[in-house]
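Just one chain is shown here, as structure tokens, and it is the form predicted alone.
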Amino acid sequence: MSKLQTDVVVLGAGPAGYVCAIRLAQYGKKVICVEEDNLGGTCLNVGCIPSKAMISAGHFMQSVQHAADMGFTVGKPLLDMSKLVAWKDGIVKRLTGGIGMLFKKRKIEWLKGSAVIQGANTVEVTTADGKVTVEARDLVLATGSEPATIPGFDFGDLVWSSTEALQPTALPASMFIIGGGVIGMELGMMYAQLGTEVTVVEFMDQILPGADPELVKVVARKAKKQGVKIHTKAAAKSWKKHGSGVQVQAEINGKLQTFDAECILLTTGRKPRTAGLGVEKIGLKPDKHGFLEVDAQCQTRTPHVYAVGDITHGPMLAHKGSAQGLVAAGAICAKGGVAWDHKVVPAVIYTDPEIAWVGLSEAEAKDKGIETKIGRFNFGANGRAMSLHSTDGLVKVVTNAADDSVLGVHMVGPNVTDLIAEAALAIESGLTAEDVALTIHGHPTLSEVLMEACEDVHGMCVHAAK
């Protein structure tokens, strides 16, 4: 067994791990990053990036349907799924290759293999060439998450996870989706736009649980318009092979119903990858869901052992993991004032239209005993949205009635996953609704909708009909 020594060993090369490794190298540390699959983790390989590439294809198909409104006569587009998948894979390859280049430039060693912790300073890595022992002063755990299953619905040829849904060999004629959360609705609407007959069952009383109901209504309305059949307060109970496809039994409002489809897409969440990692050997015990507790510096209860990304509490978001990776790197290198602040973590959902929010909702502010004032503005009154043929949605601003500070911003509409950055900066900087309203926004732009919503907080929105 060979042995390596380094300053820091990072387990996992997803958005949390690779960002942490690069920042550590920038600070002058010698770093070994262990990753059993490709660099970039779930996000770059089978998550955020490939799904958005496929979703953009769905949007293109949707746009063609409205071409006649702009004076174009366009025939029905024919989809070559193998070419679409190849195009998506090309984007993934360029990005993951870019991480490899950054590792090489920063002299970060990528050790390809699976790791098991042997002690606070020792990790054993099983590689294609045998086992390697790595010793380091500091250890960063960034092992990410994996799709969760439910009883009776193990993944296979006819029961897909998001991974299989992003690598189809052909477009399914029909699809039964279990779970109307972010992944289920993003991929479900994408497949519907491409021509698949989609049915979604969601256990909760609305799709996209956790999102503001006012925003969800806009997406649900658009999904139904695209032909997506949505059943809430519903649970899939069993399935069996039926011909070349599947037959699913689901309980909807207390009654069993049977559905036929070509395949099942199971999107009931993800679980942290801490099992079998050996964290118990260093005094750590994941909670019942598999998460590890960390402090404000992302350090576990064991000195010199840090955890970042999906294996820690909070939303399983790539940008949350990257931010924690930077915090852990700063803490390891004794950079003063470094702390993880989860107050401003934007959520972005790539449905059609998109949803994004940051900060507190109306309900959360009320639970905290904060008196609020609300401002709204619709994309339907925005010139740029009209020119994009995308007027569904609104921006809602939640402010503290006492001092006008922005507590939260909730958006549904075109490109709101980009627009939310301004709202996040406003909350992070402690700005008021008046500050945002007085900031001159370019015209005609979608960003004006946030400005108008902030003006509406004070009842002074110029373009509001009221």
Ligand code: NAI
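Just count from 1 along the sequence shown to find any residue number. Only a predicted model underlies this, so the values are computations on that prediction, with no experimental measurement involved.
Just so it is clear, the following notes concern the form predicted in complex with the ligand, a form of the same protein that is not shown.
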Check your understanding: Which pick from Arg384, Lys112, Arg270, Lys229 sits with a heavy atom within 4.5 Å of the ligand in the model of the complex?
Key -> Arg270
Revision key, fill the gap. The ligand in the model of the complex has a heavy atom of only one listed residue within 4.5 Å, and of Ala220, Ala356, Val201, Met189 that residue is Val201
Point to revise | Contact stretch among 366-374, 88-96, 204-212, 167-175 - heavy atom within 4.5 Å of the ligand in the model of the complex | key: 204-212
Check your understanding: Is there a non-hydrogen atom of Ile150 within 4.5 angstroms of a non-hydrogen atom of the ligand in the model of the complex?
Key -> yes
Exercise for review: Tell me, yes or no, whether Leu256 is in contact with the ligand in the model of the complex, where a contact means a heavy atom of each within 4.5 Å.
Suggested key: no
Practice item. Answer yes if any heavy atom of Val74 is within 4.5 Å of a heavy atom of the ligand in the model of the complex; otherwise answer no. Key: no
Review point. Ala323: heavy atom within 4.5 Å of the ligand in the model of the complex?
Key: no
Review point. Thinking of Ile32, Val116 and Gly290 as one candidate spot, does the ligand come within 4.5 Å of a heavy atom in every one of them in the model of the complex?
Key: no
Check your understanding: So which bits of 217-236 sit within 4.5 Å of the ligand in the model of the complex, heavy atoms only?
Key -> Ala234, Ala235, Ala236
